[in-house]
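Encoded as structure tokens, the following chain is the form predicted alone, with no partner shown.
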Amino acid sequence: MKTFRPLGVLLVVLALVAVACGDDDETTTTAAGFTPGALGYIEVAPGEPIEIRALQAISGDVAPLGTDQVRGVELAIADYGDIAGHSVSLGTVEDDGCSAEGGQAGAQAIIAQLTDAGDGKFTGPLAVIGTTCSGAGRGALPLLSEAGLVLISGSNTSPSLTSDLEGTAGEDYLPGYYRTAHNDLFQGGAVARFVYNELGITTAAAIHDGDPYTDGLATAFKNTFESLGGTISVYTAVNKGDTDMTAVLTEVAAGAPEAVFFPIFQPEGDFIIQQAGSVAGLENVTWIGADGLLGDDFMSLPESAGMYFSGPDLRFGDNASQTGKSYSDFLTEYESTYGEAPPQVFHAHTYDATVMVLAAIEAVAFQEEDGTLKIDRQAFRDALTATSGFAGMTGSLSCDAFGDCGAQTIAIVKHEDPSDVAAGKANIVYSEAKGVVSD
């Protein structure tokens, strides 16, 4: 599949990339030779693979979310092919556990594979595709950024990891972070506008679990809902690991909301919806989940019938990745390779994230006459930051200064029949693309 990509390893192209990046600390890469930038470089010996890694939630109740994304990475690597005669190795996938502690442990395991050979030369992994959950990203990013690696996620959505979309960095943002998923300031606002404007609901409650993803999304919903004129009667939280939701559901019921937005994960989400029916005052509530629950396991629960879910709009149409693959092509390959349809919704975003990484590597890599590759780590980050109009399956990708690169299109589905999850995922009743509303 080489023919669709730029020949980034040509020296002339490298010189153009260096000029375009315009960074004082950038690598000097010219026809005369290679001088590493401030972060040093990864050297890949002749015959050796380029190393990238995946840090995803591959165990526990959220494993389908992470496994789905690992598959997106694997298919992207296979579709992209070799770079300047070097294959790409994913190595062993690390488990982020969907937690800050898991993200931190996984990052440490990956950094341990990085060898400092002195004089700015490193061998080992250059980039990490992950994490699955924003909370794990919060744990992993400080370590990976300090170590000079790139962390790029297909599903992190917390505003804290990038920015407020108005030019202010999030509290957890650090250089080297990117994502192809949406920013939850956008998703939370879209849900609020749907609930207030389309459903005509004026009183709502929100439940999070303290994770940056769930708290950030619930907060974005609350702020927009109130700005529209709505009332948030209860804004509360559960703890990860809670199984008895009686107390929090009783608290919510006391506020008499017409709708409850609970953008959390399994298994806590399961307990909330399964126990809600036994709490007086919640009989006629409209329940709304988000992309953390928009999967086969949760949507198969009988109690999920009638719920709404927000998440990325998967109607990608004829969009084609730089690999030449459309989403339809991807789904066919996915089902052929893994024997099932994708169980979650961020596989395409992760595929795009991986292709972005591989294209940036190819753009900045310097090749010696013997085949040795030198990949400057600052130039690699600069190339990702400079991404603009990149062809992805999820849409045209452009990165801002804080690593938000996603197409930012949100859909809300209404799930009627737990015995037909596919129909529920496809039943889009509302969609927003940067202020453009459709259904």
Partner chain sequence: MTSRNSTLSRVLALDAPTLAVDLFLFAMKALLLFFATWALVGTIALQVSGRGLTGAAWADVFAGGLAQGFMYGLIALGYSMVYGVLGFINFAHGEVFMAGAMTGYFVADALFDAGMWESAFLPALLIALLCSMLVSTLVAVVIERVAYRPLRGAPRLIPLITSIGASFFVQYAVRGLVGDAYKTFPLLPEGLQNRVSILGLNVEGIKLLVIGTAILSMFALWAFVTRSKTGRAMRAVAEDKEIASLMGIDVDRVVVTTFAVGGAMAGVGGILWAMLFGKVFFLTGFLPGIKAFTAAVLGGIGNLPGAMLGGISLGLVEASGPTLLSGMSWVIPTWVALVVSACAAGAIFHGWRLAAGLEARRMGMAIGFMLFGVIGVLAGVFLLPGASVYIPGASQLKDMIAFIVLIGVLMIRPIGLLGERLAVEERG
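Positions refer to the first chain, counted from 1. If you superpose the two forms and keep the largest set of C-alpha atoms that fall within 1.5 Å, you have the rigid core. What you see is a predicted model, and the numbers here were worked out from it, not measured in a lab.
There is another form of the same protein, the form predicted together with its partner chain; it is not shown, and what comes next is about it.
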Which one of these stretches, 341-349, 359-367, 278-286, 148-156, sits within 4.5 Å of its partner chain in the predicted complex when only heavy atoms are counted? 278-286
Decide yes or no: are Ala45, Tyr80 and Leu90 jointly within 4.5 Å of its partner chain in the predicted complex, with each residue judged by its heavy atoms? no
Asp164 versus its partner chain, in the predicted complex: is there a non-hydrogen atom within 4.5 Å? no
May I ask you to check whether Leu141 falls inside a 4.5 Å heavy atom distance of its partner chain in the predicted complex? no
Are any of the heavy atoms in Asp209 no more than 4.5 Å from a heavy atom of its partner chain in the predicted complex? yes
Please check if Ser99 has a heavy atom lying within 4.5 Å of any heavy atom of its partner chain in the predicted complex. no
The listed residue (Tyr173, Tyr196, Tyr235, Phe316) that reaches within 4.5 Å of its partner chain in the predicted complex by any heavy atom is Tyr235
Listed residue that, although its partner chain is not shown, lies within 4.5 Å of it in the predicted complex (heavy atoms), from Ala247, Ala117, Ala305, Ala256: Ala247
2 Å or more on the CA of Met299 between the shown form and the other one, with the rigid core superposed, yes or no? yes
Taking 2 Å as the cut-off, check whether the CA of Gly269 shifts that much or more between the shown form and the other one after a rigid core fit. yes
What direction does the Glu166-Glu226 Cα distance move in the predicted complex compared with the shown chain, closer or farther, given a change of 3 Å or more? closer
